[in-house]
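Quick heads-up: the structure tokens below are two forms of one chain, split into structure 1 and structure 2.
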Structure 1
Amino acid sequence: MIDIKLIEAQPARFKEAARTKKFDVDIDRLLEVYDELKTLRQKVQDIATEKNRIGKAVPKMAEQQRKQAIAELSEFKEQEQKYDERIKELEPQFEELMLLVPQPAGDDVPVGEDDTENVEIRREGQIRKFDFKPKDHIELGTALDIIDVERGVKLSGTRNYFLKGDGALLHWAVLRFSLEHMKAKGYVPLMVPLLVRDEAMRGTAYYPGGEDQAYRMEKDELNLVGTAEVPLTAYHMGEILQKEQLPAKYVSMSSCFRREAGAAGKDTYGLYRIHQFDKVEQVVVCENDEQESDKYHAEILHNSEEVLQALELPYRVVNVCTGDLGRGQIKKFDIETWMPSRENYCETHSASKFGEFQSRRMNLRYKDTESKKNIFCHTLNNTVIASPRVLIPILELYQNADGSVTVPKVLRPYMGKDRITR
């Protein structure tokens, strides 16, 4: 959410942000509603002042005087009710519009329509050249009996799967390795609730807008999270933190659930786009300071790169363009890992910088020691590893001519073997 005063001061800036980010919001209407609300609130306040003044004297009045005063107060009350009605009409409109205003992208974010215009920053690692015809991860996984899509679909429909034997173990190995990597860096591990209230979804800016992407438990009015970012960031929702608590760094390993509505026919093959997966996620809550925010943005990007480097996977980092940014993101680095079967670098990580956008929505603040003011925090998050998506490059890049798969060095302690064979 954006400070209404900023919108008031520079409406053009937010119209432009909506345009380049491809979000639709009527800024003019928002300001209209706000102006009317302000006027009405002032009127109601003036009436309240008058009512309080008279009301205070009532108990001391003589009977005759009192009757007169009470009659007068009734009139005020009627006026007040008239204004209140209109306010109650406008407030929900105001809230709704406010939730839709996008955060302008940072100055160093490329302007572009969609993900094809994201700008590559750098590449790391060598792409493997095969001296045999490589298989894709489904061919490999099916032959090795470690991936079973058919039975996943039998039980749960399309985009569902089983991981079996070494497949399941490999999945847990990358997660465990990544979690421990973050733990060693001082990130506090949290085991989080995966069913959350609408408040948490709104606070992290998944709602409004992302309702179709989430599974919702209608009976209980709870939502299955699509990422641990939601509970991790909303952990301190509504709180006023001490400055010493910042930066708060959290890491979680959790299942993630996505309906993938509107993605019908897209990425239907394999384990790339699926309804349920597991992810290690990192979240930083820091002071309201641009430099601090940038520092932690670089840090969380670096943390994830270290994991990919440890796994010896080739990847590239891209600066995500305006058209591909979320409503609240100031800036986003995606890490795309090389996937042989897709003959491309594909998104495996997404490092977002939100400024105070999420904090405002969830009323997350800290007490500034100097000014004694309560200030909105900054929030950031990044994937540490998401599996089974990352199993695609692992299986495909580590495959051998005989159909076996070498286990990446850092995962061997978790697997207890260095090769997956039939």
Structure 2
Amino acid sequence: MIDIKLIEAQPARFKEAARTKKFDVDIDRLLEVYDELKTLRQKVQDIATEKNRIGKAVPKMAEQQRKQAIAELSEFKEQEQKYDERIKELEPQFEELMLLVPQPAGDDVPVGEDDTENVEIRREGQIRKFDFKPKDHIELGTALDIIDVERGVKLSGTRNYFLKGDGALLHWAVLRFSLEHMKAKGYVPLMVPLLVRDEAMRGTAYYPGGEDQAYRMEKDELNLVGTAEVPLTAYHMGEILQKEQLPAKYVSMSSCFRREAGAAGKDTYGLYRIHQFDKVEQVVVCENDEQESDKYHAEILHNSEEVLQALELPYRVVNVCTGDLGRGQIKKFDIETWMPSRENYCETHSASKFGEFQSRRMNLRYKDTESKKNIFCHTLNNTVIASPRVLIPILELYQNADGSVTVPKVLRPYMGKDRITR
């Protein structure tokens, strides 16, 4: 959420943010509602002041004056009730409009329509050249009896699967390696709830706008999370932290659930776009300082790159354009890992910087030691690893001519073997 005073001072800036980020919000209507609310609240305050003044004077008044004063108080009460009723009508409209206002992108974010206009920053690692015809991950997984899509679909419908034997072990190995990597870097592991209230979804800016992508438990008014970012970032929701507690760095390994609404016919083959997966997620809550945010944005990006480098997977980093940014993101770096079967670098990580956008929605603050004021925190997050999507490049890039798959060196202690065979 944005400070309404900023919107009031720079309406054109927020109209442009809505245009370049492609979010529909009526800034003019928001400011009209806000102006009326300000006027009504001032009138209520003026009435309260006047009622207080008259109330104190009544005991000293003559009878006729007292009758007149009581009549005035009655009239004030009627006016106050009328204003309060109008305020109650306007406040939900104001809140609804405020939740729709997007955060303007950073000055160094490229303007673009969609992910095809993201700007490449650099490439890391060498793309393997095969001296035999390589198989894709489903062909490999089926032949090795480690991936079973057919039975996954039979039980749960499209975009579902089983990982079996060494497939399941490889999945858990990459997650455990990534989690321990983050623990060694000082991030505090949290086991998080996967069902959260609407307040947590709104606080992290998944609602409004992302309802179609979420699995909602209507009976319990709870939502299955699409990422551990939600419970990790909302962990301190409604709290005032001490400055000494910052930065708070958290990591979680959790299951994630996404409906993939609107993706009909897109990426239907294999394990790229699925309904359920597991992810190691990192979140940083830091001071309200641009340099601090930039520092931790670079840090969380580096953490994920270290994991991919340890797995010896080729990847590239892109600066995400305005049309591919979320409502609250100031800036985002995507990491795209090379996937032979897709003949391209494909998204595996997203490192996002939010400023105080999420904290304002969650009322997450810290007490500044110098000013003694309560200040909204800054928040950031990034994928450390997501599986089974990352199994696509691992299986395809580590395959051998005989159909076996070499296990990446860093995962061998978790697998107890260096090769996957039938």
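Start at 1 and count along the sequence of structure 1; that gives the residue numbers used here. Note that the rigid core is defined as the largest set of C-alphas that superpose within 1.5 Å between two forms. Since this is a predicted model, take the numbers as computed values, not measurements.
Novice: Form predicted together with the RNA, is that 1 or 2?
Specialist: Between the two, the form predicted together with the RNA is shown as structure 1, not structure 2.
Novice: Quick check on residue 367: with the core superposed, does its CA move 2 angstroms or more between the two structures?
Specialist: Shift of 2 Å or more: no.
Novice: Quick check on residue 42: with the core superposed, does its CA move 2 angstroms or more between the two structures?
Specialist: Where the cores coincide, residue 42 shows only a C-alpha shift between the two structures that is less than 2 Å.
Novice: Mind giving me the turn angle of the little rigid part against the big one between the two structures, whole degrees please?
Specialist: About the larger part, the smaller one turns by 22 degrees.
Novice: Give me the C-alpha shift of residue 71 between the two structures, core superposed, in Å.
Specialist: Spelling it out: core superposed, C-alpha of residue 71 shifted, distance 4.9 Å.
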